[in-house]
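Shown next as structure tokens: one chain only, the form predicted alone.
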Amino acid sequence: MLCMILLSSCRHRKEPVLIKIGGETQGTYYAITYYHDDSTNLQPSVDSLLRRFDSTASTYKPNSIISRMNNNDPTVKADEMFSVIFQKAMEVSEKTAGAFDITVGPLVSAWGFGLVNRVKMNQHIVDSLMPLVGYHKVMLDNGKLIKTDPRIRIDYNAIAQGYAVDVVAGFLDSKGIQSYLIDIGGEVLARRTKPGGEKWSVAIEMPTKTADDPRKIQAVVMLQDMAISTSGSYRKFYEENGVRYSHTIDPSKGYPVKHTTLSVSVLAKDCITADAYATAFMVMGVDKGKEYLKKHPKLDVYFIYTAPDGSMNTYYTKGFRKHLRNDK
């Protein structure tokens, strides 16, 4: 009798349903794949959650919390999402000696990668903006953003998408969904495996010579309970008088980075950490990045860079190698 009950139970066990949803957020796309017994469409809830996230962290929303703080609104206070991003930003800034810095926003805009049109940059303009840059010049006190200079503006663009992934992951967890892949503008987090035990596969894009070149795969990473973030210099840039200017600004110099690093991918347990470190390593470049990794061996990183002979080369940590699919 017991055997018959067990067989009957197995026979009627509901197979998880594959569900895919997607849309637009933060000026980019989002795509979520998940398996669940309940086929209810969660897209309206995810869209609502991402809109609420933008109302906190988007500098493109004039009434967002970050925009109001940048405009020195005395009535605005940080919510939980704003505070989590701020604290992680300060943590990574401290650990990377300022290679990651959320106060670099005025320079990003001046160089033509922000909300306003770029100006004709010169050393005088850079020098005038540098006093407004420095993560140690801002702090969060009882929900209030304290600045050493009211002209300082913070920018979450190099970390917000990563945390948006984590926020959506928390929502899916709350719904009892245990197997999923979240991708927001290339910031990715994978939870557990697919129902058959297969890990989630995520591609690292091969850097291109121009922003319009067709996309090709450089490597494939197999993920389980892991996030990956990639930062690159080959999509967001412009050329002027034969010089290429990348959107990655070195906070210590005030200029776009000029080293040979084309792309950096970072693995971490959460996407906010991966996102912040990917930007930091793009600022450092492969040579300084290698030196940093000697002192921080727990970080797993994949660099793509231009070799002295002009060819494209890669460097990755032993920990990262374990996640690479063998045929790539």
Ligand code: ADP
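Since the model is a prediction, treat every value here as computed from it, not as a measurement. The numbering used is simple: start at 1 and walk along the sequence shown.
Heads up, the form predicted together with the named molecule isn't pictured, but that's what we're talking about next.
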{"item": "One residue of H247, K77, K194, K137 in contact with the named molecule, assessed in the model of the complex (non-hydrogen atom, 4.5 angstroms)", "value": "H247"}
{"item": "One residue of L145, A158, A190, V202 in contact with the named molecule, assessed in the model of the complex (non-hydrogen atom, 4.5 angstroms)", "value": "A158"}
{"item": "4.5 Å heavy atom contact, A164 and the named molecule in the model of the complex", "value": "no"}
{"item": "Interface membership of S265, the named molecule in the model of the complex, 4.5 Å heavy atom rule", "value": "no"}
{"item": "Distance check, G232 to the named molecule in the model of the complex, heavy atom within 4.5 Å", "value": "yes"}
{"item": "The named molecule contact at P106 in the model of the complex, heavy atom, 4.5 Å", "value": "no"}
{"item": "Contact segment among 213-221, 94-102, 124-132, 137-145, judged by heavy atoms lying within 4.5 Å of the named molecule in the model of the complex", "value": "94-102"}
{"item": "Residues within 4.5 Å of the named molecule in the model of the complex, restricted to 263-297 and counted by heavy atom", "value": "D275, T279, V283"}
